[in-house]
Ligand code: NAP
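Form predicted alone, single chain, as structure tokens, below.
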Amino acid sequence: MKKLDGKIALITGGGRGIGRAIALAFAREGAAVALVARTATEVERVASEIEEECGVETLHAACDVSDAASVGRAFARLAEKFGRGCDILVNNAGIAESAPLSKTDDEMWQRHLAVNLSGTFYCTRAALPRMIERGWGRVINVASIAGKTGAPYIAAYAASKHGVLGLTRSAALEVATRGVTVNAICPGYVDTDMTTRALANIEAKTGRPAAETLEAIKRMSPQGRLVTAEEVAAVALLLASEEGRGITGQAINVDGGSVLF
């Protein structure tokens, strides 16, 4: 028996980076995987990769998690494909932009709250009733160490991720006796396209070479490196599995020791 045999996992933002790594980790342990993202071509590619490597059922669909109606359609497609709701929900879809607080306009602020926080809320609200009905479920929210500490120039991002941690803790307590766990993973800087884009943005705005900024970021970690998407996925697999049933309401750092609470 594999750890997730018979389980159905829905992963938002599943087309690249952390989402892709989690999808592969779950599929390798036997889970059927539904992948949603705003860019349909990316999740289609990952779904094909999973089917070829792991031989499990997949679903891929376009979904804007900031739109409750779009989330509803994605969950309807999931039920149509698999005959029921998901056992495991990974709220991974997110955005990260930077600007001084005085230059953070209303649109940027609302984008972060809509995608990072409301998106997590909409998907969790859609998934929980059937998890409670079956007496088993896992909700895993991909947050950030910025949700614990904050940092200059990321007020909108940090605020949205702080909100995700509050949502995680409250939801976990509501369902603690119902066989459902709700947890967050708080990565530091991860070796993904998101970090690469952030470095390019810094270079464009400041003229500081991306390679120089990358080295400075690495020095922020006691381990002197970026963490990998696969390391984040390994924690997600623990939380999704039966071995993780005693962990709920937690925000687990995967950051090389940068934040110690």
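Numbers follow the displayed sequence, beginning with 1. No experiment lies behind these values; they were computed from the predicted model shown.
What comes next is about the form predicted in complex with the ligand, which is not displayed.
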Report summary line: Checking Ser48, Thr206, Gln223, Thr39 against the ligand in the predicted bound form, the residue with a non-hydrogen atom inside 4.5 angstroms turns out to be Thr39
Report summary line: Answer key: of Ala151, Leu113, Ile95, Ala176, within 4.5 Å of the ligand in the predicted bound form (heavy atoms) is Ile95
Query raised in the report: Quick one: is Thr58 in contact with the ligand in the predicted bound form, heavy atoms, 4.5 Å cut-off?
Result: no
**Report entry** 4.5 angstroms heavy atom contact with the ligand in the predicted bound form for Lys161
**Finding:** yes
**Report entry** 4.5 angstroms heavy atom contact with the ligand in the predicted bound form for Ala9
**Finding:** no
Requested in this report: May I ask you to state whether Val65 is within 4.5 Å of the ligand in the predicted bound form, using heavy atom distances?
Outcome: yes
Report task. Name the stretch, out of 87-95, 102-110, 74-82, 165-173, where some heavy atom lies within 4.5 Å of the ligand in the predicted bound form. Result -> 87-95
Report summary line: Restricting to 199-221, the residues within 4.5 Å of the ligand in the predicted bound form through any heavy atom are none
